[in-house]
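Shown below, as structure tokens, is a lone chain in the form predicted on its own; questions about how it binds or moves come after it.
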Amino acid sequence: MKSGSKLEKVLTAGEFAVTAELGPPPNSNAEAVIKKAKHSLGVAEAVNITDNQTAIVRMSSIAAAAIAIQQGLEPVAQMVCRDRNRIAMQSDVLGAAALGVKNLLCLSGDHQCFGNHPEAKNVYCVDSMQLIAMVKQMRDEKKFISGDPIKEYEPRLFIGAVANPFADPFEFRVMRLAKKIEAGADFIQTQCIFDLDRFEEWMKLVVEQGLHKKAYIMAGITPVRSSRALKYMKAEVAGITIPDALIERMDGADDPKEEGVKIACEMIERVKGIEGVSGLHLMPIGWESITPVILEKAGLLPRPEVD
């Protein structure tokens, strides 16, 4: 075991793993985290705690992760390269591990121009590949990026990264995934999947290169409550492919929320059958209360018990 996290144990046991998502509030209200945490308790192996998602100031992902641990949840703390230099990142990695965090997701972060502080300086002292390698070095070699030793109490973390099967050029996406795995990623969570045909094509390339045997691939599914949400993502969010047929289906639904849940469950059923997919990452953006409903309907409850 690299970290001994529940997520790592379920994946290494060969079970279909589930992670969910919890967005910290744009304030210091711990009760907001506690309320959201209840929706994922006992229904997912771990829950992603986002790090200033969409470049909007929110409660620290590590602080929110600590609150989640107090509620009995296992967090996947996210860390973005946008906001910290390598000194602060390594400090936060140590702090997260000290607080009981066992899973860390490394990503670049949304550009600050999309958030509520567009004038902020981005940092990117290291990129996402280097962040993955840095955390792996701290864990496995007991060294800081400077080469100085971590004499004891190295951070034992299960290292995650993200992949977008839908950005262009398409072939480059698998190459980028391979580089992240080579850098040290233990598990991968994908961008929201709406175009299942393209995702299947991407997974075939992943399997052909044997990447699914080097890291665990978790398919990202986002339930939506309206066709307006799909239209917005299609028009405004880069790197997401949304078929027109899906928008038309939501447009014609008598109950859009119910239809959104139905679509999510259909997608989950399909990704479960795709070779190389080891788990599900459910991202109900701002709709955490739907998490147990979808997982129940998708036949993913109760969760497996592993030692």
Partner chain sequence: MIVGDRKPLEEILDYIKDYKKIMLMGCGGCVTVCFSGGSKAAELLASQIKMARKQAGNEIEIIECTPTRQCEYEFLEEFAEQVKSVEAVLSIACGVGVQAMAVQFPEKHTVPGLNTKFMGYPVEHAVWEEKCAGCGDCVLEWTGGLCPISRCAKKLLNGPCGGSVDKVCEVNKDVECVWHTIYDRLKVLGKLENLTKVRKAKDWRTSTNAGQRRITFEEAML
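Positions refer to the first chain, counted from 1. Just so it is clear, the structure is predicted and the values come from calculations on it, not from any experiment.
Keep in mind that the form predicted in complex with its partner chain is not shown, yet the notes after this line are about it.
Highlighted residues Gly109, Cys125 and Arg173: every one comes within 4.5 Å of its partner chain in the predicted complex, counting any heavy atom. Taking the partner from the other structure, its partner chain in the predicted complex has no heavy atom within 4.5 Å of any heavy atom of Leu211. At a distance threshold of 4.5 angstroms between non-hydrogen atoms, Ser226 is out of contact with its partner chain in the predicted complex. Using a 4.5 Å cutoff between non-hydrogen atoms, Pro243 does not count as a contact of its partner chain in the predicted complex.
Although the partner is absent here, Arg86 sits close enough that one of its heavy atoms falls within 4.5 Å of its partner chain in the predicted complex. Only one of Pro149, Pro118, Gly72, Pro169 comes within 4.5 Å of its partner chain in the predicted complex through a heavy atom, and that residue is Pro169.
The contact with its partner chain in the predicted complex, taken as any heavy atom within 4.5 Å, belongs to Lys179 out of Lys231, Lys179, Lys142, Arg156. The stretch that touches its partner chain in the predicted complex, counting heavy atoms within 4.5 Å, is 126-134, out of 91-99, 126-134, 218-226, 72-80. Along 235-253, these residues reach a heavy atom to within 4.5 Å of its partner chain in the predicted complex: Ala238, Gly239.
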